[in-house]
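Here you get one chain, nothing else, as structure tokens; it is the form predicted on its own.
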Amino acid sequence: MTTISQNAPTSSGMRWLRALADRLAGRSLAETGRQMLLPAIGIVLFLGFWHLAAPQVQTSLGAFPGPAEVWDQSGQLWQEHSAQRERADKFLAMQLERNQRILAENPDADVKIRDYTGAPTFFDQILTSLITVLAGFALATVIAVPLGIIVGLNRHFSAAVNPLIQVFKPVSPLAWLPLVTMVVSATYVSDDPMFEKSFLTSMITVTLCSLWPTLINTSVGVSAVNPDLLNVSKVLRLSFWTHVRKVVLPSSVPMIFTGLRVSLGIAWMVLIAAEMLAQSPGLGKFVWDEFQNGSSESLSRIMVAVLAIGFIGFLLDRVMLVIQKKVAWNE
């Protein structure tokens, strides 16, 4: 046992060194360099074109911002966020100091801590948008995956719901938003609401627009399960839940995750539009407010938001791809 425990780290170390040596080998190194160099060249060319073309585009607010102006504005947005956090910390410290003073005079006093009510910063808006899109995407997944499994398993049910899927699938969030807003306003009435109505409106709109790719891909994946596996399930007389858990889901995971990746991308795009139109807190509202502001810095700030939206969408897709590779072992 002692020999095994001593050799395990050595074997692991040797594998790591062998992988590093393979990485540094001529062909692998060239491939790694190509994979890193070509995207870098593409980005540099884009920035150069942007830098040269931006001053040529004149708007009512001045010239279109170039990369340098956008970079400066991103730093300004970070400074505004830092200053807002400092004010929030001072506000909390003042309340704590006041409460301690009150409790020192009267230990039975009822003291409270009030939330800081300063305007949300750009980074606060990003966090709000991420929470909303993940909530809407999670709700869409909870609805779409079980429904897709049933559609894939039962051809009669599939024939019944397929027309509804084809009708509702292409509906724009711009069409859903007024209906969702009215329904939420009429049905979600509470003196102490758990969620803001604007949050529910955006989340439900995201759900309605993003569940279809997951539903369709899940049903296609379930209907394409190997017939041999289905026959084995019949021979073994597996129960419905065991059949789904042991046969259907493992075979359908790649298609389900393909649908989930598409759904998440759609959810992110829909959310920005929904926040912009419904004036819900988030990146969409930030863009619309800057557009309405009309200052000389508005275009640069909107461009920062555009780049942030694209970068976050890219990261969300990469995260889903990593999860897919962990879960879908045959990919």
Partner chain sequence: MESTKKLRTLAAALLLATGLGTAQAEIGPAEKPDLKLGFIKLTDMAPLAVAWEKGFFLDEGLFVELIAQANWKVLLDGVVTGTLDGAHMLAGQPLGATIGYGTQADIITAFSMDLNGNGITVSNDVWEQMSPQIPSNTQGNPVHPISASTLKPLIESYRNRGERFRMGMVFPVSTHNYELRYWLAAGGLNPGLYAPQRGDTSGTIDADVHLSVTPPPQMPATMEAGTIQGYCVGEPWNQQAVFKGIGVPVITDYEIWPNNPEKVFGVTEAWAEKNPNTHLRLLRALIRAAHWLDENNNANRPEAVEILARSSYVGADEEVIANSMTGTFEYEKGDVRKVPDFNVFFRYYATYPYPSDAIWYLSQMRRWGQIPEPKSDDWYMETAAKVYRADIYKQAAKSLIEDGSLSAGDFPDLDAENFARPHQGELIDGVAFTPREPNAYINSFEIGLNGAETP
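Note that this is a predicted model, so its numbers are computed, not measured. Positions refer to the first chain, counted from 1. What we label the rigid core is the largest C-alpha set whose atoms superpose within 1.5 Å from one form to the other.
Although not depicted, the form predicted in complex with its partner chain is the subject of the following passage.
None of 130 to 138, 153 to 161, 245 to 253, 106 to 114 except one has non-hydrogen atoms within 4.5 angstroms of its partner chain in the model of the complex; the exception is 106 to 114.
Checked against its partner chain in the model of the complex, the candidates Val70, Ala54, Leu61, Val262 yield a single residue with a heavy atom inside 4.5 Å, and that residue is Leu61. Put simply, Asp124 is far from its partner chain in the model of the complex: not one heavy atom of it is within 4.5 Å.
The closest non-hydrogen atom of Gly118 lies within 4.5 Å of its partner chain in the model of the complex.
Although the partner is absent here, Trp50 is not a contact residue: none of its heavy atoms lies within 4.5 angstroms of its partner chain in the model of the complex. Taking non-hydrogen atoms only, Ser185 approaches its partner chain to within 4.5 angstroms in the model of the complex.
In the model of the complex, Asp191, Glu196, Lys197 are the residues of 188 to 205 with at least one heavy atom within 4.5 Å of its partner chain, listed from first to last. With the core superposed, Ile102 shows a C-alpha displacement of at least 2 Å between this form and the one not shown.
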